[in-house]
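Just the one chain here, the form predicted on its own, laid out as structure tokens.
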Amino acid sequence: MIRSNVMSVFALAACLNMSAALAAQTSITVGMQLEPPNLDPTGGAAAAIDEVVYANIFEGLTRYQADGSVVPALAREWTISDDGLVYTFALHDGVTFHDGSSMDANDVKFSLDRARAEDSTNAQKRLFTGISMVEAVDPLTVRITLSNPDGSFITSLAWGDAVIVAPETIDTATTAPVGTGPFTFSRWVQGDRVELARNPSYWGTPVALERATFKFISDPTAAFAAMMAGDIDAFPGYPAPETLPQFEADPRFRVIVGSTEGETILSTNNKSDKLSDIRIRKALAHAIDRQAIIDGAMFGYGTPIGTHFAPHHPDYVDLTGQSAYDPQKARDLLKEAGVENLSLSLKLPPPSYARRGGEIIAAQLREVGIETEIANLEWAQWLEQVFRGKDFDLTIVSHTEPMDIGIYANPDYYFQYDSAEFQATIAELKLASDPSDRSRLLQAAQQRIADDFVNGYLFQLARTGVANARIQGLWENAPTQANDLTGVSWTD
């Protein structure tokens, strides 16, 4: 009798432990290498912002899916006028913000008017410059009038920069974001993690996860240790690709390798006195051995590029041969430009592709007679000095926004390229709706910036991730900068 009772106690304890273990699988801890500087995707340029909030906390009228397609989100449908100028959006009924207030057409108008305002701090303000008027026709209908037809307007509305926010909470969005998404913001322990909770009042399909934590681990060695110890459940942008074979050999894990929209470039300040001569920029391009950078910094993961465009896009033009590795040609160009003892600043943000790649590029440039002064910056410093202050000669960064070749049409963008011909091509592209015309113009744009050697084009960033083998629903590819957890769950 006593023995039976003891066994019953053990059996009960085992059942309770099993139930607790199963219950625990409604939460996830996701690793990220970079901590976002703030949590407002409509007012900051850092990709890490969207990696936390896109589709999780904030939603737009449209959104990206894992396969790169753009589908309705807060807008359930829309119509476009015959002249391509007027878009009328029908909003979902019953949508509320996380504070309980209703999301309606006035919030859409506020969000888009704020994004396109003269004093807007939106990092992609150019997406909204074609809007001439936003009208709240009624609470569930929004009419947007464009100044000219824009064949990519629906796609532009899917960017994280175009999410819908409320005027009542926008002032605190940087530290306490309030959106309409399936997760609510719980807290941000700065320097460590951001915690989210399932939104019990979500208007759409409820998510499987009850809690999600984004844990920030900048050091690749620490990231490896955290994954191995089980402190991290998934690391979609895993920063130590050299250790992936160890995960592949371990049945506890699944290695996920896909593509991103991240053109990794040696960004060049085109208005620097040292770099305004195209022969010098051309010399830089020929001094770079792309494959050596991919092998040395990315351990073989990455696709060489010769222009600012994703190789997986059907309109991509392979222009790598135009800036092929040729150290002697680089030396000849420098001599032709009358340059000796050239020394350039190389300011590097925290990602490992930049820090590791910067050391390799510095050695390659030294081989042709160019010295570099490397400065390793934290993300906030990089944004202030390089992106906003334009105080640099060279930097390395991956541009992860989708279809972003249009940034070269902005002469005030941080690499300060100013080409009337390129600007005219992009202006024509915005008006084009015929697929063949758009393809021709996109290819012409790629060729133009390659011909002008605006930047040193390195490689398309691969998406190398590691996850617990029981997790399903993580994105393989990254059509936009996001860690979308809306379809993520645990298997038994």
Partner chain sequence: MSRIRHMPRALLVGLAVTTVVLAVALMSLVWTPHAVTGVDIAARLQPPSTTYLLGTDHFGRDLLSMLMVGARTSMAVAILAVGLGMLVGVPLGLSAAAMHGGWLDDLVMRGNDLVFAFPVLVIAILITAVFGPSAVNAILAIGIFNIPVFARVTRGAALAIWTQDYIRAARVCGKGRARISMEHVLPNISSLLIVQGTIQFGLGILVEAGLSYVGLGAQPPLPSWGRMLADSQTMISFAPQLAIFPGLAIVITVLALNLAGDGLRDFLDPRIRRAR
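Predicted, not measured: the structure shown is a model, and the values here were computed from it. Residue numbers count along the first chain shown, from 1.
Below, we refer to the form predicted in complex with its partner chain, which is not included among the displayed structures.
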item: Partner-proximal stretch of 210-218, 139-147, 102-110, 235-243 relative to its partner chain in the model of the complex, 4.5 angstroms, heavy atom; value: 235-243
item: Listed residue that, although its partner chain is not shown, lies within 4.5 Å of it in the model of the complex (heavy atoms), from 326, 295, 250, 384; value: 295
item: 153, 316, 202, 299 - the one with a heavy atom within 4.5 Å of its partner chain in the model of the complex; value: 299
item: Close approach of residue 129 to its partner chain in the model of the complex, 4.5 Å, heavy atom; value: no
item: Proximity of residue 224 to its partner chain in the model of the complex, heavy atoms at 4.5 Å; value: yes
item: Close approach of residue 88 to its partner chain in the model of the complex, 4.5 Å, heavy atom; value: no
item: Close approach of residue 375 to its partner chain in the model of the complex, 4.5 Å, heavy atom; value: yes
item: Sequence-ordered residues of 346-377 touching its partner chain in the model of the complex, heavy atom within 4.5 Å; value: 356, 359, 360, 363, 366, 374, 375, 376
